[in-house]
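In the block that follows, a single chain appears as structure tokens, in the form predicted on its own.
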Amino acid sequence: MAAYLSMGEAHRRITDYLGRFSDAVSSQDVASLKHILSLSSNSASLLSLADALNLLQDANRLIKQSDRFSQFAEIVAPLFRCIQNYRLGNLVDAYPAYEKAANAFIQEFRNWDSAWALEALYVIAYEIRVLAERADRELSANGKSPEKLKAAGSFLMKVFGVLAGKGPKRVGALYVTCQLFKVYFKLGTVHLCRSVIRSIETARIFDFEEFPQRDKVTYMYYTGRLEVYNENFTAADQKLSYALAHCNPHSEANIRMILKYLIPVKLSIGILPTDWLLEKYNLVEYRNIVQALKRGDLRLLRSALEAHEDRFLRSGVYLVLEKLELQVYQRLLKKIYIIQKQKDPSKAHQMKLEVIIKALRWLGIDMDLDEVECIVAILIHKNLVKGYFAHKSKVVVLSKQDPFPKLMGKPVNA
């Protein structure tokens, strides 16, 4: 603790840190530089430096005393202020100090010809987002308006601009893009993702395949989620399936995050997950939804949605799952058709609306004739049922050829 720290020891710790920073830059030792810039690591050396800074209170003099250190004063001086505040738990004041140090680092990074410090820039991009989130929680707890994460988004756009050019540094653009996605999703401003996506996908300077695998997976995960929100299920399936196929097979938490969105997408295009998959990745909230689709059980679907409503709403997949009702109706009609075919094959393709009403009533769902007629009309319009109405006799006349078309991996009415 700082109470047992001598002034001499405090002086030694600070000059040691300055020396390590200077050596890391001069020798292009990115591994050491990453460690020096990382706040969230809470390393013993960082905490001991913070105690020294809070005791000495005159670190700027040490920085200015040496030409070796003073050339990095604009980075290190605000970084020291940040570390002091961070150690004291004052994250609201730690954030602007870190951002100031990060801005100064970017200026140096621009001047370096090679991309040797790219991993250190990744650390800064990550740390500024995490610190901003924590500072905003502190502001909210004190009844103040959270504003730091929005500022972090602006800073990260500046970093993206630095990387979005020709040369070896451009491979870092996707990592920063993924940090921006995390900011925008957290703030609920996902529309801001579009401009960055356009830059990545249309700019000739970028070749998607040259980006690191880790960043490609994260990028496809977030852009896949965006396609889910836009109900573009074909694109969502492609992107999320890419993320799943290329995700580290040992990263079960990441696989679960991808499946949380891929499963609703797959369900919407008629592909059901196995019970083994749901069990392995602890996604059992989808189990009854899958059973409802298999059985044509509308009551089970609705109870499953109600039971996990908060979770599905937070994930943003509730409306996607709610629209599965049409597939459940299709399955119910198909079951009625199979039963009728077993009893009298010659009349199986004629389905009375009254029979559908009775089946729904058996499931505990009361509907009148007009409601059922409306639902069947939608099923025919959406190409989930092939047939037509005989209005006078209140009968659905089903096609004798494939009356219940499969989705075959395509969205309803695609």
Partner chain sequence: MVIQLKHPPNLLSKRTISTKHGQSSDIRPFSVLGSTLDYLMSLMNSAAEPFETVHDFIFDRTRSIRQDLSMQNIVDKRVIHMYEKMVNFHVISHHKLRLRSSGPDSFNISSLHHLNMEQLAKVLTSLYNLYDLNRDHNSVVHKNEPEYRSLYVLLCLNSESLPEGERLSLWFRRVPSPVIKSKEMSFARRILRYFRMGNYSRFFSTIAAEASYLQYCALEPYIDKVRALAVLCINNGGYKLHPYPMAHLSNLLMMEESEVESFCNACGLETSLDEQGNKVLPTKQPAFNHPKAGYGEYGFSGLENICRTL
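Numbering follows the first chain given and starts at 1. Owing to the predicted nature of the structure, the values given are computational and were not obtained by experimental measurement.
Not on display, but discussed next: the form predicted together with its partner chain.
Proximity to its partner chain in the predicted complex, taken as a non-hydrogen atom within 4.5 angstroms, holds for one residue of A31, C374, L363, L47, which is C374.
Note on contacts: among L313, I339, A245, L283, the single residue with a heavy atom within 4.5 Å of its partner chain in the predicted complex is L313. Remark: R87 does not count among the residues lining its partner chain in the predicted complex, judged by a heavy atom distance of 4.5 Å or less. Proximity of H250 to its partner chain in the predicted complex: non-hydrogen atoms within 4.5 Å are absent; the residue sits far from the partner. Within this chain, F185 lines the site of its partner chain in the predicted complex, having a heavy atom no more than 4.5 Å away. Remark: K239 does not count among the residues lining its partner chain in the predicted complex, judged by a heavy atom distance of 4.5 Å or less. Stretch 143-151 is the contacting one of 274-282, 119-127, 72-80, 143-151, since its residues have non-hydrogen atoms within 4.5 Å of its partner chain in the predicted complex.
Along 378-400, these residues reach a heavy atom to within 4.5 Å of its partner chain in the predicted complex: I378, I380, H381, K382, Y388, F389, A390, H391, K392, S393.
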